[in-house]
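As a starting point, one isolated chain is supplied in C-alpha cells, in the form predicted on its own.
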Amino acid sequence: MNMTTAALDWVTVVFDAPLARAVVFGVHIDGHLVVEVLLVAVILFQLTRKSYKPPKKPLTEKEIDDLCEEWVPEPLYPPITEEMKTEPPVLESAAGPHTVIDGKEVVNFASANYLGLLGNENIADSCISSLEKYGVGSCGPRGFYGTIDVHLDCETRIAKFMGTPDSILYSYGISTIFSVIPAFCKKGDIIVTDEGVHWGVQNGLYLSRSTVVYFKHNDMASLESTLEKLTHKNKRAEKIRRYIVVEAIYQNSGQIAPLNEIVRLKEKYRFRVILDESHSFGVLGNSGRGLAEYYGVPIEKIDIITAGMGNALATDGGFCTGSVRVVDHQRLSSSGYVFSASLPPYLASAAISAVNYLEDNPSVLTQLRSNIALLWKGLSDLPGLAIASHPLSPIIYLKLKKSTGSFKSDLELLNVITDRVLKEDSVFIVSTKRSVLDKCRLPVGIRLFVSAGHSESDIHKVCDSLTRVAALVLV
C-alpha cells in the first residue's frame, strides 16, 4: 500500500512540477488536466478505429454437411390439428331449394339463392346462347382485349336498374369490395367501419393501408361518437379523405344497416359512404333495388355501391355503381378489374337475364318476404337459440341464448346441431365457420338463407327439425 501511494505521489509531482505555473488563456494547466485530456483522446481513438475482425476460416465439407443436417426450416403453414380437419358436405346437384348430398335429397337452406333463380330456364337459355356465340372464357383482362359487348350491355343494364350514371363489372364477387376500397382509400386516409363486416371488407381495409377505426355493430350512437372524436377540433382530419364503410345486410349477423341515419351522419361530419349490397341487391326495396330504395334515400347520396352477383342473381362476379368519375377511376386503379381476366360472357348474360326477370316479376319479392316471415315465426321460440337478424333479412341468424363463454365451445355445439339436422332430417344448414384470417368478433351462430323457391313444407320441415334437435342438444 505504501509503495502504491508513493508511486502516485511521484506521478503527480512529475506532471505538476513543469506545469505548476502554466496558464493558458486564463486557464491553469496542471497534471490532472493533462491526464484527463489524454484519456479523452484515447477513448475517441478507440471509438473511431475499425473493429477487429479475425480472418474468416472457410468451413470444411464435413462442417457444411453437419450444419445442413441440423437445419430445420420454418414451416410454410401452422400445424394442422384434428379440429381443423373438417369435411364439408359435397353437393351432387345444383344448389337450389332442394339438392343432393351423399346420394340423398335434402332441403337446402345453406345457399344464398334468394330469388330462386338457380336453374331458371330463361337464364339457362341465355347462357347457352352466349356460350355458343362467345365460348366459355374471355382470356384477358378488360383493358387487354377482354372486353366483350355483353360486358358493356350488363354494365348499362345494372346502372339503369339502379338509377345511377354508370357501373363497372368485376369477375369475382368477393374481390369487388376488396378491390374497390383500396382503389379509393390510401395510406393516411381515415375509414370508419362496423366491427361486424365480413372478411371481404376486412381484406379491403387491410389492403388500403388506411387508418381504420371500428364502431359497435350497427350502433348509430357509437358511429356518431366515433365520427365526433375523429373530427372535433381536428384540423388535420379536415384535409384528408374520410370514409364510412358498411354492409346493407350484414353477412355475420343478418342485421340491416340504418341507411337514413348513416347518410345523416355522413353529411354532418362530411364523410363519404361505401356500401356493400351483396345481400340486399335484389332483395330489399319495393322492386329489389336495395337499401336506398328500402329507406327512400336518394341513390346519389351514396358515394360508392358494390354488390356480388352470386346471391340474388344466381350468377357470379360483382359490380360497383355510382357516378361516371367513380367508375372511370376504377378502370385504371382497381386491381381486381385491371389484372383479372374479365367475367365469362355467359355469366354477364345470366346477370342481364336475372335483372330482367326481377323487373318483370315483382311477385318473386312478395314470395321471398312471405317465406322469411313464415320461417321467422317458426323459429321465434327455439329452445336455447334466439334470432339475431332483422325481420326482413333473407339471412336468418340464430345465436345461442346462453354462450358457454368460449368461441370454440359455442361453435362445437352449433356444429353438433347442424350435423344432426342434416343426418337425421335431411335439412342442410350451416354454422358460421370463420377463417383464421377473419377478425370479426361477433357471436357465432347458425345461418339460414331463405329463398323464394322454398315451399311452405320446406320451411315447416326446417323449423320442426331445429326445434327437436336444439331441445336435445341445448336443454
Partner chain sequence: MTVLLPIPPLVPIPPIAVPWEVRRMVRLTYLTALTTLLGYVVFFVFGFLRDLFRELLDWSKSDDLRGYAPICPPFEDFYTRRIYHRIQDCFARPIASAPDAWIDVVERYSNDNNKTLHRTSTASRCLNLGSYNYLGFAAGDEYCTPRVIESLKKYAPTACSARADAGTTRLHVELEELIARFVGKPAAITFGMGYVTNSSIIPVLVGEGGLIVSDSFNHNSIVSGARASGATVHVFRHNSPSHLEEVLREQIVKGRQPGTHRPWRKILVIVEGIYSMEGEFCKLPEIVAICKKYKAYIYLDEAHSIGVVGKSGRGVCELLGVDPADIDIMMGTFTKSFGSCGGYIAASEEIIQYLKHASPAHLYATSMSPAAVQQVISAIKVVLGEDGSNRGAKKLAQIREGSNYFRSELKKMGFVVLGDNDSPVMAIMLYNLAKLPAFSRACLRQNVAVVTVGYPATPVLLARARICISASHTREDLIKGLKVISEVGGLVGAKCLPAEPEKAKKMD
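All values reported here derive from a predicted model rather than from experimental measurement. Between two forms, the rigid core is defined as the largest C-alpha subset superposing within 1.5 Å. Positions refer to the first chain, counted from 1.
There is another form of this protein, the form predicted together with its partner chain, and it is not shown here; the text below is about that form.
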For this session: Work out which of 369, 217, 390, 142 lies within 4.5 Å of its partner chain in the predicted bound form, going by heavy atoms.
Result: 142
Exercise. Among the candidate residues 184, 376, 294, 161, which is the single one with a non-hydrogen atom no more than 4.5 Å from its partner chain in the predicted bound form?
Worked result: 184
Exercise. Heavy atoms within 4.5 Å of its partner chain in the predicted bound form: does residue 211 have any?
Worked result: no
Exercise. At the 4.5 Å heavy atom threshold, is residue 285 in contact with its partner chain in the predicted bound form?
Worked result: no
For this session: Evaluate residue 298 for contact with its partner chain in the predicted bound form, applying a 4.5 angstroms cut-off between non-hydrogen atoms, and reply yes or no.
Result: no
Exercise. Do residue 314 and its partner chain share at least one heavy atom pair within 4.5 Å in the predicted bound form?
Worked result: yes
Seminar exercise, completed: Of the candidate stretches 378-386, 361-369, 237-245, 254-262, the one with residues having heavy atoms within 4.5 Å of its partner chain in the predicted bound form is 237-245
Problem set entry | Interface residues of 197-228 toward its partner chain, as seen in the predicted bound form [heavy atoms, 4.5 Å] | 199, 203, 206, 207, 209
Exercise. Residue 72: CA shift of at least 2 Å between the shown form and the other one after core fit?
Worked result: yes
